[in-house]
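Here's a solo chain for you in structure tokens, the form predicted on its own.
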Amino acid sequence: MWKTFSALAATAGLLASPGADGVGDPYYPQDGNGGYRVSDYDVHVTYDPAKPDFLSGDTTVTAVATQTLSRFDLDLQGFDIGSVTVNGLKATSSRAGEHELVVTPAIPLVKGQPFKVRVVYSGKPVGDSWQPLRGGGVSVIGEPHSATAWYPVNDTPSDKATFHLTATVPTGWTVIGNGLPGPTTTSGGSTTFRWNEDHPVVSYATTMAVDKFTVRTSTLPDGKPIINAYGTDTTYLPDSEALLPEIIQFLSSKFGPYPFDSTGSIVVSAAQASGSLALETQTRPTYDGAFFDASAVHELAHQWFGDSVSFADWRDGCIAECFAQYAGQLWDEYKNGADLTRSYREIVQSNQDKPDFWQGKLYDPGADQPLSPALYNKGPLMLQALRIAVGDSMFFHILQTWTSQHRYGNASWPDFEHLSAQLSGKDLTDFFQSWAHSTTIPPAQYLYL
């Protein structure tokens, strides 16, 4: 048997080559890594808010090699590396660039075979996603990057994986994460919280929030848990919280079944003004200060558009932001009787002679602004124009087919264009060229004034 194993290892060594240090995303070419696909992250961290410049971590990444690998990279900013093992064997590691952790396994990894890499690390967290809170805790969120600030990761939206968090903090503090809570245990002045997200998640939608939270729980009509956590110096708005089941039910009627096993919110208060902390962290969006129905509708709509169905690459921001912004208008139509066709025409007419309004592209807006303002102002107009072009019934059929076909996966904006044309039976080439790919106002026939 040893000869056979040695022969296999020798053969693998001859065929092995390094994995790429980036996936070649058009906007962030060094993000992510080649040579493997991740299936799960098991992240263990210990953090004491009294020592805000120190976190210790022990993360196991489960993956499958997509080529025979002599070495591979993970993305991780900062930290001192204590040890790295691959399949239980000691590996060597080195650092390169801003966030590359280069791992060389003792034995080359064979294409098609699963493997586990365990990284033990500690030190000062770095990066803009590490957000100190007024109560002394921390919220780790950010887009397009956040995960590299606290665990080793294949940091690209095109490689989604399940996510399991075990976080230990001093007793009296609470940790909130993605998914469903596991057992909470206390020992020796420390409390360990466990969170399990068993549906694939993009790395920027993973989160950890540490604060002295007030946690309020309830359920959706189907029994799925609602977990709302309110941190120090935040505002509890009972009427907004009470609307959450109705928002989920409404969005489900438009977009298809809610894709996850729990919902709720994480409400925090940043220690320093640094822009809004609101982000569609999967299953449990994060809000700054408070959440109300308009912000909740936007972030919850992302659970379908952006979280369940995620970018193929960073050119595809419209498949998240255009729909989430439009969802707020749909809610206004449902809740307040807003006439979206009328308001659409008024906005288009008021901007007909304003070239700057139309110059942002909805697909591939540019590496300097992947989440361009155009996604939030021109994007909903395009969706309303598409609704007019294909009719209400077909429009929502397209949306529900989209969320069903790509559930828990990745897709591109061109994929949405193709599906819309396929289902509607219409040639929408010029429509989408005018709305999504152009930097000028669409021709009159696609404005539907």
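Values in this document were obtained by computation on a predicted structure and should not be read as measured data. Note that residue numbering follows the sequence shown and begins at 1.
Below, we refer to the form predicted together with a small molecule, which is not included among the displayed structures.
Within 4.5 Å of any heavy atom of the small molecule in the model of the complex lies no heavy atom of His164. Though the partner is left out of this view, Glu143 does reach within 4.5 Å of the small molecule in the model of the complex, counting heavy atoms only.
For the chain shown alone, Tyr334 is not a contact residue for the small molecule in the model of the complex, no non-hydrogen atom being within 4.5 angstroms.
At the 4.5 Å threshold, heavy atoms of Asp293 stay clear of the small molecule in the model of the complex, well away from it. Only one of 167-175, 296-304, 194-202, 119-127 places residue heavy atoms within 4.5 angstroms of the small molecule in the model of the complex, namely 296-304.
Annotation: in the model of the complex, residues Asp316, Tyr363 and Glu417 none come within 4.5 Å of the small molecule through any heavy atom. Though the small molecule is absent from this view, in the model of the complex it lies within 4.5 Å of a heavy atom of just one residue from Phe250, Phe357, Tyr236, Tyr376, which is Tyr376. This chain appears without its partner; in the model of the complex, the one residue of Asp155, Asp73, Asp211, Glu321 with a heavy atom within 4.5 Å of the small molecule is Glu321.
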